[in-house]
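Only one chain is shown below, in C-alpha cells, and it's the form predicted alone.
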C-alpha cells in the first residue's frame, strides 16, 4: 500500500526534486502540497511549487499557500536557490491554476481530518506552517502518523551560523513547537544530508537520463551546485530529497533517539538544535535524529524515480 504524505516545502531546487520523487514514486500517495516562506518569499515558493507540479503532470495534487513570515520574527531568506527560489530553469512554464482557497494551515487540518488513515508530514522548509497548525488545530495531532523533516545539525559545521541549519534558524519558535508536539518526529539534518552530494559521478549518471524531466533536474542541480562549490568546495547536497527518501525507505538512514531543544535566546548559537543523547537534562526523548545514510542506495533510488 502507498504511504499517504503531505509535503510542506519552500521550493527551492532540492524541494523541487523532493516533489518530483514524491509524485513519481508508486509507493507514495501525495495527498497535498503546502508552501511556506524560506528559500524565497511565499509568492515565489508557491509559484515554484505550481510550476514544478504542473510540469510533472501532477495537476491533480492540491497546493495550498502558507505563511509569509516566521511566527515571531522577520523573514531571513535563504541564499542557495537565487532570488526566484528556482533560478536556472527559465523555460519552466508558469501555471495557470489557482491554489486552494484555504490557507495552508487550515488546508492541512482539513486534509488530516478527512483522511481515512494517519498521514506522514514531510516538511522540507522552515516549520512555520506546522508550528501554527499545532497551535491552531491541536486536535489533528492523532491524524499524523509521523513527521520526517529536513532540518537541524548536530555533529558538524553548518552552511549558516555554526551550529545552526537554515530551516530551523529561519523559524526557531516553530521548530520548538514541533519537536515538543508529542508527534513522532525524525530529523534529517545536515550531518547526513551533506553526505548525499552531487559530484561528477552523479552528474554523469543524470546526463544519461535524457528526458525532458531529466534535463530540467540537471539544470536545477547545475545552478544549485555553483553556490555549494563556491562556498563549501563540494557539490550540491540533496537535503530535502533525502528526507523524502527516508519515508520511502527508512532503512536508508540510521537514527538514534534524543531530547532536542531549540536555542531561542543565544547569540552565536541562536537557532541551534541541541541534542541530549545521554539524558543529562533528564527529559524524555522527543525526536529521532538521523546519524548516517547509505548514499549509494539513495542515488540509485533517485535515478530510478527519474527514469521510470
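Positions refer to the first chain, counted from 1. Computed from a predicted structure; not experimentally measured.
The same protein also exists as the form predicted in complex with a small molecule; that form is not shown, yet it is the one meant from here on.
Undergrad: Is residue 129 part of the interface with the small molecule in the predicted bound form - any heavy atom within 4.5 Å?
TA: It does not: once the small molecule is placed as it appears in the predicted bound form, residue 129 has no heavy atom within 4.5 Å of it.
Undergrad: Taking heavy atoms and a 4.5 Å cut-off, does residue 190 contact the small molecule in the predicted bound form?
TA: Close contact exists here: in the predicted bound form, residue 190 approaches the small molecule to within 4.5 Å, heavy atoms only.
Undergrad: Closest heavy atom of residue 122 to the small molecule in the predicted bound form, within 4.5 Å or not?
TA: Contact check for residue 122: no, nothing within 4.5 Å of the small molecule in the predicted bound form.
Undergrad: Given that the partner is absent here, does residue 111 sit within 4.5 Å of the small molecule in the predicted bound form, heavy atoms only?
TA: So residue 111 does not count as contacting the small molecule.
Undergrad: Which one of these stretches, 100-108, 207-215, 166-174, 179-187, sits within 4.5 Å of the small molecule in the predicted bound form when only heavy atoms are counted?
TA: Single hit among the candidates: 166-174.
Undergrad: Select from the listed residues 86, 133, 153, 150 the one whose heavy atoms reach within 4.5 Å of the small molecule in the predicted bound form.
TA: Selected residue: 150.
Undergrad: From the list 34, 39, 273, 48, which entry has a heavy atom within 4.5 Å of the small molecule in the predicted bound form?
TA: After the contact test, the surviving option is 39.
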